[in-house]
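We begin with a single chain expressed as structure tokens, specifically the form predicted on its own.
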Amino acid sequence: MSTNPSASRANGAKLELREVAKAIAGRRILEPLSLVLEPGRYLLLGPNGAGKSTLLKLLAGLWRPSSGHVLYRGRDIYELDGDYRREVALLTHELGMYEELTGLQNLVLFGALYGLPRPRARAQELLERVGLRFFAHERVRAYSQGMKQRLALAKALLHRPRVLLLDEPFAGLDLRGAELLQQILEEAVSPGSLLILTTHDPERGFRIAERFLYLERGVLRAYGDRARFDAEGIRERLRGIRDVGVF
């Protein structure tokens, strides 16, 4: 694969939102949003209830927008259906593992469902990568929360997604686990891929992300490039923003 940045963007995992909004039980969770997400690494910021998880579920195709369209490489993700699902992965607090199976059995099962040619080999590779090699044959019910989080990350990476969406991936991890996850994410996003993550630890998030988005009450308030600010500087600038700012 080419490492040329312009070539990667031209052929990469580009998402576009066109007036995308979401309401649940008559309550607007996400206000109409139009935005182009080029390949790269994004940190999605905002207070609790801002609409961050809702946005990730919309981008993953798990929820349909109440209005508007989410496009992947210029086509509506619901027209692409299975083709898009093979390109995207979403990691949430709902880990979606079979606790009576071992870590290895879970990954082999999901790898087979993705149609991977050698699911066991891929599963073993990822268990090694996330630091669970010696726990591969333990039932998931015996895993700590941090171990389950690592296993869920391995599951998300199984099919080498081009669009990786992570909702609070550092939750439940100790310092060693958080540092390992940061290293994995820095390596996992190949040229042309798209990573979007949320975290309550913006300092760590900005070690991974190149750009940021800031949501508040379902409205995109700001977006920009990390290179212009440190994490604290961005937080200072975001305070009191009422109109969309481009930094």
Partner chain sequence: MTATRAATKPRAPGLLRGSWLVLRKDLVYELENRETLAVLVVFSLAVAFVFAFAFDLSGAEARRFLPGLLWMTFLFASVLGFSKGAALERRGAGYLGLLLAPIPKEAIFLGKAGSAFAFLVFTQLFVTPLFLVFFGVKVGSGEFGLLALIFLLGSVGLAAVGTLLAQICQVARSGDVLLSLGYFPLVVPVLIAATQLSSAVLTTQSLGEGPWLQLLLAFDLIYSTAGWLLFRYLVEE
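What you are looking at is a predicted structure, and each value in this text was computed from that prediction instead of being measured. Positions refer to the first chain, counted from 1.
Keep in mind that the form predicted together with its partner chain is not shown, yet the notes after this line are about it.
Interface membership of Arg150, its partner chain in the model of the complex, 4.5 Å heavy atom rule: Residue-level check for Arg150: no, no contact with its partner chain.
Any non-hydrogen atom of Leu95 within 4.5 angstroms of its partner chain in the model of the complex: It does: once its partner chain is placed as it appears in the model of the complex, Leu95 has a heavy atom within 4.5 Å of it.
Touches its partner chain in the model of the complex: Glu99 (any heavy atom, 4.5 Å): Although its partner chain is absent here, Glu99 would touch it in the model of the complex, with heavy atoms inside 4.5 Å.
Arg160: touches its partner chain in the model of the complex, heavy atom cutoff 4.5 angstroms: Close contact exists here: in the model of the complex, Arg160 approaches its partner chain to within 4.5 Å, heavy atoms only.
The single option of Leu113, Ala136, Ala121, Ala142 touching its partner chain in the model of the complex, heavy atom within 4.5 Å: None of the other options qualify; the answer is Leu113.
Contact test, all of Trp63, Gly82 and Arg86, partner its partner chain in the model of the complex, heavy atom 4.5 Å: Every residue of the candidate spot has a heavy atom within 4.5 Å of its partner chain in the model of the complex.
Which of 63-71, 34-42, 180-188, 206-214 sits within 4.5 Å of its partner chain in the model of the complex, heavy atom basis: Single hit among the candidates: 63-71.
Interface residues of 19-39 toward its partner chain, as seen in the model of the complex [heavy atoms, 4.5 Å]: Heavy-atom contacts within 4.5 Å come from Lys22 alone.
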